[in-house]
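Here's a solo chain for you in C-alpha cells, the form predicted on its own.
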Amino acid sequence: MNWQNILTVYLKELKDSLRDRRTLISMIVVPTLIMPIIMFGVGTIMTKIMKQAQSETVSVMILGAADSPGVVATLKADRKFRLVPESADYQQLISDKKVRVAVALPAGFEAGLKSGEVQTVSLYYYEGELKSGFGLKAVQDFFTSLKEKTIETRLADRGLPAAVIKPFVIRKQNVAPPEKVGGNAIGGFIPYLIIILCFTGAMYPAMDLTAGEKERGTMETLLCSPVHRINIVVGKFLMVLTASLTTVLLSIVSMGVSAAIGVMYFGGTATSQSATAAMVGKAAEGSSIPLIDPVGLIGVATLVLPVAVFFAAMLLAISLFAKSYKEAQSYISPLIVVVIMPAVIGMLPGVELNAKLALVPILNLSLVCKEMLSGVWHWPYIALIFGSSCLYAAIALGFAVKMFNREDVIFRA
C-alpha cells in the first residue's frame, strides 16, 4: 500500500463528500441536533402532556350508587373527580375515552362498611390509555384512603389503637450513586442511538463513493489512474469511516453538552420538567435528572471505533454490488432493521452481559456501553468485545478489498 496515494484518494473523496448535501446532513446536522431535540423537545412535550393529563379532573361513573350516598358525596366533594351519570354502556364510553373510570359498588356497600362485611369494588378502565391510567390511580388512592379510614374507625370502636395494623413503617433509601442510576435509566438508550447514528453516518457516503460513482461514470476514470486498487479502496474506506466517526463524535459531544445544559437549567433535583425523566417514561413528579459517568462516554467512543470500521467496510462492499444509487439504497435500507434488532435486545431488562453475548456483534456493544455508562467496568468482557469487534472489522475490510478487485462487481451490467 502507498499511503501517499491513499491520502490523495481520501482527500479527494472528502472534498467531494463535503459538497454533498445528503452527506453533510447525515454526518453533521442530524447527530448535532438529535440529542437536544430528544432531551429538550420531545422530552419537554411528553412531560407537559403527562402533567396536563394528571392535572385534569377525572371523569368517574359510579355504578350501583343508590344505597351508598355517603361514599358518593365524599367522592363528589373531591375536586379531582367529576361524576357523570350512570349508563349501561359504560364500557363503550370508556373505550371511546368519554369516561376515564367506572366504579361498580356492590349492593349495600356503605352499610357493609359499618357491619364489617367483606365486599369487592370493581374498577373499569382503558388499559394502555394515559388519561384512563391516571384516573385509575386517583380512584384507587381514594378507595385506599377510604379503606384505611374504615379500619381506623373499626379499631376505635373496639378501643384499639391504629398502630395495631401498622407494626412497622417501610422507608426506601437509594444507595446507588447518581451515575449508576442514570446509567441504568438511559444507559441502554444511548448505545442504541449511537449505533444507529454510526450506521447511518456511514451509509450515505458508502453509497455515493461506489454506486454513486458508477452512476455518474467517474468510477472508470478513477480506476484508470496510476494508483493500485487497494489504495483506492482504502482511501474510500477511510472517507466512509471518517463520516461514521464524525457522526458518532458529534452525537456524543451533543449528548454531553445537552446533559450539562439540562443540569444547569433544571437543576440537579429538577422535577417534572426533566426531559430525560420523561424520555425514559418515569413519573413526572419528583424525578431527578439522571447523570451518566463522563468516563463511560469516553469508553463508549473507544469501543465504537471497531464497530464503525465494520459498518464502513460492510456498507462499502455491499454498495459496490449496486449499479445505481437507488439500487444501493434498496440493498442497504433493510440492513437498518438488522442493526436495530441487537441494539433493541440490549435495552431489554434481564439481558446481562456474559462471555457468549460478548461475541455477538452490536449486541455486545450495547450491553457493555450500558455498564460503562453506569460506572461498571468488566475489563475481561471489554477486552473480549474489543478484540472480537476488531476481528469482525478486519474481515469486513478484507471482504471490501476483495470485492473491489473483482471486475464483475466493479463493472456489473
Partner chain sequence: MIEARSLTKTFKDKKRGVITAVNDVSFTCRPGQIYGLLGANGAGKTTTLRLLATLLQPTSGVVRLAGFDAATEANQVRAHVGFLAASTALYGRLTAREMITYFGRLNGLADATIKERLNRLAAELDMRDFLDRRCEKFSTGMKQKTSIARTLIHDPAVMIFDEPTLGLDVMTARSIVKFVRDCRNRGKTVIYSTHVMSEVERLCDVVGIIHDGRLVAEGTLAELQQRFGETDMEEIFVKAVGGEAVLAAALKNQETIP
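Residue numbers count along the first chain shown, from 1. Small disclaimer: the values here were computed from a predicted structure and weren't measured.
There is also a form predicted in complex with the partner chain; it is not shown, and the following applies to it.
Undergrad: So, residue 217 and the partner chain: in the predicted bound form, are they within 4.5 Å at any heavy atom pair?
TA: Residue 217: yes, in contact with the partner chain in the predicted bound form.
Undergrad: Although the partner isn't part of this model, could you tell me whether residue 221 comes within 4.5 Å of the partner chain in the predicted bound form, counting any heavy atom of the residue?
TA: Output for residue 221 is yes: heavy atoms within 4.5 Å of the partner chain.
Undergrad: Report whether the minimum heavy atom distance between residue 228 and the partner chain in the predicted bound form is within 4.5 Å.
TA: Residue-level check for residue 228: yes, a contact with the partner chain.
Undergrad: Do residue 396 and the partner chain share at least one heavy atom pair within 4.5 Å in the predicted bound form?
TA: Although the partner chain is absent here, residue 396 would stay clear of it in the predicted bound form, with no heavy atoms inside 4.5 Å.
Undergrad: Spot the stretch among 192-200, 122-130, 228-236, 299-307 with residues whose non-hydrogen atoms come within 4.5 Å of the partner chain in the predicted bound form.
TA: Result for this chain: 228-236.
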